[in-house]
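Next up is one chain by itself, shown in structure tokens, the form predicted alone.
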Amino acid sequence: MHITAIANQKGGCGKTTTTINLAAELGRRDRSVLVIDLDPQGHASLGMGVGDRDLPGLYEVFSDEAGFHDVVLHGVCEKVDLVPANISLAMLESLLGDEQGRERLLLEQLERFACLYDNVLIDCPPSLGLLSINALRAADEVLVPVEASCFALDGVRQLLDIVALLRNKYGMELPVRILPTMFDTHTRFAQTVLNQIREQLPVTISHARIRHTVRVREAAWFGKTLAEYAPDSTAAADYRSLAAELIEASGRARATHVGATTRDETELARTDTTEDNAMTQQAEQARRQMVVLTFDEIDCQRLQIAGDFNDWVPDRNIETRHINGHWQKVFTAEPGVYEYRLLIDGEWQPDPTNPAEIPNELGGVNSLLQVPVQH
């Protein structure tokens, strides 16, 4: 069994698209695959044709409302099973509080139940909180989809900070593989970004390049994989190359989690809680800064905000101010680029005061917020 966490705090870089299509290509190569949707938005589930947002998932497993085997959906595509996600995952951190071993919950489930699979792919949320920490602790490798942009280096650096914490706390050597996505072969800029990553960061860059094509968004819209919707497209061929590369990599030496070789289980049980909590707090508090968004031109009775910075739960961890007819939303976030939308009098829409937008996987538009690094 080879466990791959597909992660990047930066939104819109193709994490979910990669999870879906890599799983499909692995299944077509006769690998048994389990996809774990760890994002409360549930886009991986939706992209694999599972539109029911009320299905139980890991929240129900971690809260002891269901067993892991009870929430697995079998055969969502050829040789691929799925653990779906729902919005309840966003409440997991508050549910667990200071529960002992909360960062090991996913690892413990996979140790018991995932041995039937050749590959496990975990679609991580666009944040580096408790859910992502669970995925990284369970993983043998991190696959980081990266779109060629001026923010690419910063997103990868933040992920590497968490990987370094895991190495220091648990002795984990967690390989990081960069996957160029939405790659434009006709521009020098994309190659320049990759060269900077190669020169400045301790990572491996995948030989696969996922080229930009509208077929990717079309397939997601219809809840199909590229292998089903557009098997002859350039991106489908690129994901076939990625699947071959991952199979080769999974046949090599696995990353070793601490405990397998340097600690026995008794010592792990005594030390995990203190170390896990310290690591999570350090990761979540690192470089957070205050963000104040002011909306001067929106006349409404109720204004809420949801985005990558609060797991897409409206007004979660957000302070609302209404001063002289102007709305303000105040929260803290780490430096980076975030996608978000507003809920204006109950209607979802992009921020009409912000011209920075990006198409989302459902065919709509999300607004973009950049939280700069403060020196």
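Given the structure is predicted, the values throughout are model-derived calculations rather than measurements. Numbering starts at 1 and follows the sequence shown.
FYI, the form predicted together with a small molecule isn't displayed, but the following is about it.
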Location of the small molecule contact in the model of the complex, chosen stretch of 86-94, 73-81, 296-304, 207-215 [non-hydrogen atom, 4.5 Å]: 207-215
Even though the small molecule is not shown here, does Leu160 get within 4.5 Å of it in the model of the complex, heavy atoms only? no
Heavy atom of Met182 within 4.5 Å of the small molecule in the model of the complex: yes
The small molecule contact at Leu22 in the model of the complex, heavy atom, 4.5 Å: no
